[in-house]
Every structure is written in structure tokens, then in C-alpha cells.
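Taking the form predicted alone, here's one chain by itself in C-alpha cells.
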Amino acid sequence: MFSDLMSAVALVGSPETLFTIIVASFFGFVVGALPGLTATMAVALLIPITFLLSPIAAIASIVSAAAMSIFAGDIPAALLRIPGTPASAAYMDDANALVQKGEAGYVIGASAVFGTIGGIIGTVILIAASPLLADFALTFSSFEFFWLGCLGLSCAVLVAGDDLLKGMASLMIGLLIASVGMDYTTGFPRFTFGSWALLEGISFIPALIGMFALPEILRLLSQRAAVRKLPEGAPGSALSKIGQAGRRYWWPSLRGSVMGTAIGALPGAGADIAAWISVAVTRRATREPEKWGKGHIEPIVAGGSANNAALAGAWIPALVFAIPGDTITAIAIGVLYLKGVNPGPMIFIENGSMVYAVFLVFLLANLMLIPFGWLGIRIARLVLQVPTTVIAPALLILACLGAFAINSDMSGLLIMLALGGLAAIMNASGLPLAPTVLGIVMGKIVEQNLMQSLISTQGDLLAFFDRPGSALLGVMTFAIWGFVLLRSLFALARRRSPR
């Protein structure tokens, strides 16, 4: 073990690997900060470069770019209310509200610091509990994934606020959009209107750009030409405020990190779902519910910690069982195979130095968030000084490029425009957008696992509670639904009772 660790230090400490980590981090920073360009896209763009690198340098490029792009997605979400990555949308409202109060440096710095904390905690768990957590994740069947998806949909209503009906209505819109495409079991087209571009469903990235970016860009275009002048933030440096937040909200950070690692270890989950669930759980457990949505740091602490922790968690099944936890690790596994390294149980015996090198790369990649967070703070000041008439057209071009780049055809642009119009109508009606987005993400996961389970049991609904894990998740789901329903009924009764 000691010899493997020393070999790993030598591998990671080589000039090639260190230079790769720095360059890939900068690349991930740029890609993540552009609306619509996800961490997966950043990693996919690096694939041709990995052919020229050693195995550990190739993996270092993937890990560094992914970790940095997930953090960098918070920058446009905070400054422009346009999420750079899907996970950033989970706490975008509070981040942007803080920026409007003059706290841009505080928000971006906190995102970097707590993203680093979450990534390091996730890496420690990855090192200590890889076989245990991977074995647990491997026992999940379609029943457990169905209930996990239902828990995710429950979070959509939880993050919507106190208006249950509006949250449910928004969620139903998201599920309706998710149902577009071919039926999972029969292959029959649904709501495609004869368009081949819709056979695979609504692409999520153009939908995200349309629902969040387009309305905000149109709002900026409608404003008079002016440099945005934000009020001065509360007294004190950003660093001291981040320290205060760390002391006050250490538990949401720790809980988000552990939760993100556990969710990331489940194949098919990932940072997006982890961030939403972490923010939803924190919102229900908070002692300051009145501050949420008005510029509160707690959701940024919880969501940011879960993001990077989930990235580390996804490598647990990837390293131990060669089962990708998300699309990023799927790419990484393919790169390892190309380099002649076979992930799986035997890698700990045959190539232990590679495993320890991956652990060290995770630590370095997450520590790189701190200097790039400082860079993000400096960039924020420049962005906020750009007139809206300059920045809005540039953002519109980037949004169109991001929507077009997904499938390299006009379907992405049309989806962006259609859902941008829908988002404008929902904003005017007071319907929250977050449940719709989560409905689009989770809808297919719930449907596919529901149909697999019903087919395997020939329609026996009791089978959803036969397995211990499935029964536990099912009871948790019904408990959340019951809690939300009872709370709404009590609130309605209080409003109707005479004073």
C-alpha cells in the first residue's frame, strides 16, 4: 500500500500531470461559465486531447475540467440569473438576489470554498468507503430507482415554496414535457407532431437555456442602456463573511457533502439531482425559512457542497465495478480502456498506484477551485460594469450556440424558443420554474423504471415494497407527500378560521 501511494505521488507530481490539471481547470472554468455548456460537454471536448496524454494525465484532465465547470456554472447563475450548468439552477435565485445586494464576491467565493469542501469530503469518502458504497449502489434495481425518482419529484414541490398548488402545476408541466418522444415500452411516438427531431424527447440543455436564459436576456434587452449599479454589500470582506457562513452553516455543508457523495454513487444520478435534493432537504430543515429566495447563503452552501461531492461519489461504482455513476465517469471509463487500464475490483490489486493517483488528482482538482474562485470574483466586477445593451446580445448569441451545439441542427433552437415563451408565461402567472425543470430531468427516469418494474412483476404493485431498499424509499416518499399535504391543509384551516 505504501509503495503504491509513493508511486501515485510520483505520477501526480510529474510536470505533465500538474500542467494538465492547470490547463484542464482553466478550460473547465471557461466552459462552465458559458450558459448551456455543461460539465459533460467540457469533458467530451477533451477526449481527443486525452489520446496524447499518459493514463493518469488523461484522467486528471477529465476530473479537473468536470470539477471546475460545475463550480464555474455558478458564476453566470449568480451574476446574470442564467445557470451555467443544470445544478446551478437549484440555488440560482438566492445567489442572484445576493448579487443584487452587492455581494457578488461573497457569493462566488462561497461557491468556490464550499465546492472545495464538498469535493474533499467526497474524495475522503471515496477513499474510505469505495467498496461498501459501490456494493450498496449495485443492489439497486428498477424499484429503488423508481422511488428515488419519486423522491426527486417530491423535491420539486419542496423547493417551490409555500404554494403547493402552483408547485404541483409547475411539476405537471415538466412531466408533460418529459413525456414527449417515443414511448419507453412500445416505441410509439407521443406529442411529436410528426417531427423526427422530437422522437428522442425534449433535449434538456436547450430546454434549460430557454426557460432560464431567454427570459432574462429579453428582460436585459428591454432595459435602457445603462451600467448596472449595485448597492454596496454589508460591511466586511468576502473572506470574513465566508468564514462566518462556514461556522454558522457547517451542518448543511457536511450534510450536503455526504448526501451528494451517496447520490453520486448511484448509477444514473449525478451532481444535478444531488444539488436539488440537498437544497430541498436544507430548505425543510432550516431555522430561517423567511430568508430563502431573498438572498440567503444557506442554499448555496448546501447545493455547492453537494455538487462536487457527487462528482467524487460517481467514481465509486466506476472504479470498483466499472459501472459509470454518470456520463462523465462513462467517458472516463472509456478513456481508461483505451489506455489499457481496466477498472473493476482487480484494479486495486493489479494497479493500486493508479487508484491512489486518481484520489490525489481529486484532491488537487478541488483545491484548484480556490484560485479560480478568486479569478471569478475579479471577473464578476468586470461583468457587472458592462452595459446591458452590450452583454444581452452577446448572451443571446451564446445561448443560441449552446442550444444549437447539442444536436447540431435547428431543433435545439426551436426548443429553446418554445420553452422560453412558456417560461415567460409561467413567470407572468407566478408559477415557479424550478419544479418544471426537475420534472423534465426526472420524468424519464421515473417512467422507465416504473415500466421496467411493472413488466418484471406483471403489474404487481406490492412488489414495489418487497425489497428492503425499495420499501424504505417508498415509505420515505409517502412520508414526504403526507407531510406536505398535511402542512397545506393546516395552513388552509388557519387562514379560514375566524380571528
Partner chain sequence: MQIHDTVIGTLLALLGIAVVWHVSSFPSVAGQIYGPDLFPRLTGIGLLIFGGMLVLRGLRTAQGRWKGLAMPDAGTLRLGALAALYILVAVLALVLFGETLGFQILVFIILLVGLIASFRRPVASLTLAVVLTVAFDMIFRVLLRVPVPSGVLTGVL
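All of these numbers come straight from a predicted model, not from anything done at the bench. Residue numbers count along the first chain shown, from 1.
Although it is not shown, the form predicted together with its partner chain is what the next lines describe.
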{"item": "Segment assignment from 106 to 114, 371 to 379, 175 to 183, 256 to 264: heavy atom within 4.5 Å of its partner chain in the model of the complex", "value": "175 to 183"}
{"item": "Listed residue (97, 120, 405, 127) with a non-hydrogen atom within 4.5 angstroms of its partner chain in the model of the complex", "value": "405"}
{"item": "Close approach of residue 473 to its partner chain in the model of the complex, 4.5 Å, heavy atom", "value": "no"}
{"item": "Any non-hydrogen atom of residue 169 within 4.5 angstroms of its partner chain in the model of the complex", "value": "yes"}
{"item": "Its partner chain contact at residue 367 in the model of the complex, heavy atom, 4.5 Å", "value": "no"}
{"item": "Partner contact for residue 240 in the model of the complex: its partner chain, 4.5 angstroms, heavy atom", "value": "no"}
{"item": "Residues from 76 to 107 in contact with its partner chain (non-hydrogen atom within 4.5 Å) in the model of the complex", "value": "none"}
